[in-house]
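One chain comes next, on its own, written as structure tokens: the form predicted alone.
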């Protein structure tokens, strides 16, 4: 006679191997996060929401939040437009071509964001490579100012975060059967129909993952906007830095950080829910 199954399942001993990592994350991530949230609601007289009232009630900070979201959205859209076909090229390439494409994607990840942002400053300045090239091609008569403009900011941001869009899409595309569009073509499907009904739906999980990663990173960007735009284009991260380092206003900085974290978390959770629904629809 078989013994009745216990209601409480025993914990796999291998699960205890995760304890050091969990303890480390709790100490270096969760504890500072809780301290930050506590600082956002603690004033000189105790509990207060004045920090959030300043962030969400002041027209200047509302404009900063809007500019940050605009920058993140444009960066995400630009990275998607450039990264989607690049991911397909990377997945379909063979031999040395794929090695070269992989190098073009991975090598930028080994370079510091500060170095890449300074590099864009060198390229876009009045005596930089781009002005020199356009002068010699006869496209312009005198050097034009491109550094500390929104064009420089968007170009630098897309360049920095493009690999984070390419890699998730590539990981999904490489698992797709390349014969499926050809099979649809033999049934009379047009190129647009094959893309919208076959290729795009199958690659959507990678697109959702890439969009969530790039948006979450871009909305919190600090170095690239600071170096390529300065105080002409304030972002939430720049306001936080000024509040903590210059104004010594811990409550304002913590409240802005909490709002920023909320935006990023909402995007990540929404992307996770969408990915799960896409996986469920694909499996049904």
Partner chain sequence: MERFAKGLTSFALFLTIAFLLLPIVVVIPVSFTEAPIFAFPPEGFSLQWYGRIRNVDGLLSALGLSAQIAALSTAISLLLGTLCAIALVRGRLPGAEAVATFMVSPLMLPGLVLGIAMLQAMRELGLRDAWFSLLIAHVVITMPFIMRTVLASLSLFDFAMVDAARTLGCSYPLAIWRVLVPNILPGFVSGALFAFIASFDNYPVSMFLVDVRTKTLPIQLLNYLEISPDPTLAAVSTLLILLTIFVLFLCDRMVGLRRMSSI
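For the two forms, the rigid core is made up of the largest set of C-alpha atoms that agree within 1.5 Å on superposition. Residue numbers count along the first chain shown, from 1. Keep in mind that what you see is a predicted model, and the values were worked out from it rather than measured.
Below, we turn to the form predicted in complex with the partner chain, even though it does not appear here.
Residues 54, 274 and 277 are none of them found to lie within 4.5 Å of the partner chain in the predicted complex, as judged by heavy atom distances. Of the candidate stretches 140-148, 121-129, 200-208, 67-75, only 121-129 contains residues with a heavy atom within 4.5 Å of the partner chain in the predicted complex. In the predicted complex, none of the heavy atoms of residue 247 sits within 4.5 Å of a heavy atom of the partner chain. By the criterion of a heavy atom within 4.5 Å, residue 35 is counted among the residues contacting the partner chain in the predicted complex. Although the partner is absent here, residue 183 lies well away from the partner chain in the predicted complex, with no heavy atom inside 4.5 Å. Interface residue remark: residue 113 is counted as part of the site for the partner chain in the predicted complex, having a heavy atom within 4.5 Å. With contact defined as any non-hydrogen atom lying within 4.5 angstroms of the partner chain in the predicted complex, the contacting residues in 69-101 are 82, 85, 86, 88, 89, 90, 92, 98, 99, 101, given in sequence order. Superposed on the core, the two forms differ at residue 20: its CA moves 2 Å or more between the shown form and the other one.
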